[in-house]
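Okay, so here's just one chain, in structure tokens, the form predicted on its own.
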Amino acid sequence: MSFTLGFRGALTRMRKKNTARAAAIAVLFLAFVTIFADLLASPLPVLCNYHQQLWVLPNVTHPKELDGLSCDDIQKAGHVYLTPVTCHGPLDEAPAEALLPPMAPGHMLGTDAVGRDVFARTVHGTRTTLSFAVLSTFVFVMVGLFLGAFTGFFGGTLDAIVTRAVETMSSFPTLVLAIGVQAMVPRPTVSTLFMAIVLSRWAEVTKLTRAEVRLAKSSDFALAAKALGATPLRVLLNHVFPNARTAAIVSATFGLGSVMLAEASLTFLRAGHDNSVASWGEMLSEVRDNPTAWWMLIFPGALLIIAVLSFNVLGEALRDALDPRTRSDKNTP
């Protein structure tokens, strides 16, 4: 309960900062695009009548009966009541419409070298990149939180082993380690990229959590609980671990931005996603082959910058709001 109240108080203090509010709005916008990507860009309509059957949200459910059809095909054989913002999927190729500039008919943000709609790829790339970052960050934060809390509290041989592993992993830059992991597999996929990111990022959360737990277990309230007969596990869960949760939350917020940047960098180097999904990094990598297609650089690049900056600003604001040493009730811009 105290943690919940403290976190609510931190959110209240964050709302007083203009930069934190702007970053939160940007994150909410990205989350909206991620959730409703199919309503913004899809080859199928939102609501239609095809062969005397009413279809609701076929662009989300992707029924087999409408497989391979487009909004135009359905319109010819039935009636389309509501379409997405653009009736193109992220993987739909049209070589005859390759490298169209923004505001071309039917393609508000232009097309790439094989005629795929840039708006559709940017929208679905937002879903790919943000979903990947959230899942990766959750996993490596949970791994680091568990290892850091357990080894920091109980110590012993496992603590020495984990500490040496943390020191070893921390000596390698994230991108170098991730590229090395990707190079070990015959064909990089989303799964191998996920494993590479988790493997390269768990160490910093473990190190931070371990330090917080070691500090908290020697505090007066933890020693008092132990003196009153509380078991070591109870002391860890009820008195020590809550002090490490704050650091984990802040680390996760910063981790989201860094994972998005790492994923985009690896995909730009073509050591990440394959062509079965759209992502910002993949779109940026296509500019190397088509340097005059500036629109393939501007739109995903701008979203990547906004996303990374927003998560970093939120991380700093959350850290300041949760840390009593930096807490201030002043309305700092």
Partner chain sequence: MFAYAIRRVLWAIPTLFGISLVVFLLTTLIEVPPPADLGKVDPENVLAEEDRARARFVDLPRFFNTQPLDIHGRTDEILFHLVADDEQREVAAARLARLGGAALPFIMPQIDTMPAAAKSRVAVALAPVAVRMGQGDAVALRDPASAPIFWTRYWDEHSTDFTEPSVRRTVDRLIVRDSTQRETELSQVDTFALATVIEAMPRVTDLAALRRLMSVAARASGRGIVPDEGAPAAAFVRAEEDWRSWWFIHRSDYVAYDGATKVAASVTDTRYGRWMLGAVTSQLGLSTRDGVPINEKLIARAPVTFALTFIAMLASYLVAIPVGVLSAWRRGKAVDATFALLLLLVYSIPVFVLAQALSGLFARDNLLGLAVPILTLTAGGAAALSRHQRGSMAEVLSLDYVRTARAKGVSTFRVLVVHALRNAIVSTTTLAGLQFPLMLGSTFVVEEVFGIQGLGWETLRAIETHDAAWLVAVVLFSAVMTMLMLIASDLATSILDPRARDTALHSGEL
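Residue numbers count along the first chain shown, from 1. Keep in mind the model is a prediction, meaning the values are calculated, not measured.
Beyond what is shown, the protein has a form predicted together with its partner chain; the following relates to that form.
Look at 80 to 88, 134 to 142, 174 to 182, 115 to 123: in the predicted complex, residues with non-hydrogen atoms within 4.5 angstroms of its partner chain sit in 174 to 182.
Within 4.5 Å of any heavy atom of its partner chain in the predicted complex lies no heavy atom of residue 229. Taking non-hydrogen atoms only, residue 320 never approaches its partner chain to within 4.5 angstroms in the predicted complex.
Although the partner is absent here, residue 73 sits far enough away that none of its heavy atoms falls within 4.5 Å of its partner chain in the predicted complex. Within 4.5 Å of some heavy atom of its partner chain in the predicted complex lies at least one heavy atom of residue 167. The single contact residue among 305, 35, 54, 60, judged by any heavy atom lying within 4.5 Å of its partner chain in the predicted complex, is 305. Only one of 245, 239, 214, 127 comes within 4.5 Å of its partner chain in the predicted complex through a heavy atom, and that residue is 214.
Taken together, the three residues 47, 65 and 100 lack any non-hydrogen atom within 4.5 angstroms of its partner chain in the predicted complex. For the stretch 75 to 92, the set of residues having any non-hydrogen atom within 4.5 angstroms of its partner chain in the predicted complex is empty.
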